[in-house]
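One chain is shown next in structure tokens, namely the form predicted on its own.
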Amino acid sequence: MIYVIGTGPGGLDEMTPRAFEALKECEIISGYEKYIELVKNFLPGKIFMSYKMREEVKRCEEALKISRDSNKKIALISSGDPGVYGMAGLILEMSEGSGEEIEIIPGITAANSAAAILGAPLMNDYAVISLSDLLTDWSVIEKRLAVACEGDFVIALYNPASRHRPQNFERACEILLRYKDPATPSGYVRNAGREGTEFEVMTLENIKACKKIDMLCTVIIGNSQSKIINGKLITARGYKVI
């Protein structure tokens, strides 16, 4: 039996009871090394299998083998939700025809966690776009950014910048500024829901120049209905406020 579990931001207080109960049932917890470190302290007695980034296929192969050969319950963990840039899709693809029993358990996404810290920016339609071009061509990412702007979506940006691709966030902002007002309310959160959480609300023009944006950040860019009230980023739902 394989559970694919979303651990949310990583702390026990923002993990669903269903996810925590499933983790307690599993003998083995498998995941990216940083995510393993976030859950180890409240899961004593488990066997932990830590992997580096870009070892996702290996992680699934070994989980399938353990489940098949030992009948042990194993958890594949993803931060946030496992169906949002997580392990759910890959393990389901790789298990085709195997007969392995797999259960997907959702979690609080980075977009939702960051939105709650910034205010209420996702009150209306929004798009989630990753700026990582490791698995998606940059030309496709550019098109998705442009189309989301044309539809006046609020946009949550995952994986905005890294040491290997520091330019991607600035390039993305240049595309957004072709369609959106430079004064569009925006914000970022680093380590959303984890120790050392940082956040700031600003304009799209200012966030483009922000030097604090990295892989630990989730960025939210507002739409034409977004505003800043009492330091909080809010997107109007359309209600008449008296």
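Just so you know, these numbers come straight off a predicted model, no measurement behind them. Heads up: residue numbers just count along the shown sequence, starting at 1.
The form predicted together with S-adenosyl-L-homocysteine (SAH) is left out here; the points below concern that form.
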(request) Answer for V189 alone: is it within 4.5 Å of S-adenosyl-L-homocysteine (SAH) in the model of the complex, judged on heavy atom distances? (result) yes
(request) May I ask you to state whether M202 is within 4.5 Å of S-adenosyl-L-homocysteine (SAH) in the model of the complex, using heavy atom distances? (result) no
(message) So, R194 and S-adenosyl-L-homocysteine (SAH): in the model of the complex, are they within 4.5 Å at any heavy atom pair?
(response) yes
(message) With a cut-off of 4.5 Å between heavy atoms, is Y158 one of the residues that contacts S-adenosyl-L-homocysteine (SAH) in the model of the complex?
(response) yes
(message) Counting any non-hydrogen atom inside 4.5 Å, which residue from A75, V154, L145, A110 sits next to S-adenosyl-L-homocysteine (SAH) in the model of the complex?
(response) A110
(request) Heavy atom within 4.5 Å of S-adenosyl-L-homocysteine (SAH) in the model of the complex: which of M215, L43, C210, A183 fits that? Just give me the one. (result) M215
(request) Among 146-154, 93-101, 168-176, 79-87, mark the stretch whose residues have heavy atoms within 4.5 Å of S-adenosyl-L-homocysteine (SAH) in the model of the complex. (result) 79-87
(message) Where, within 7-24, is there a heavy atom within 4.5 Å of S-adenosyl-L-homocysteine (SAH) in the model of the complex? Residue list please.
(response) P9
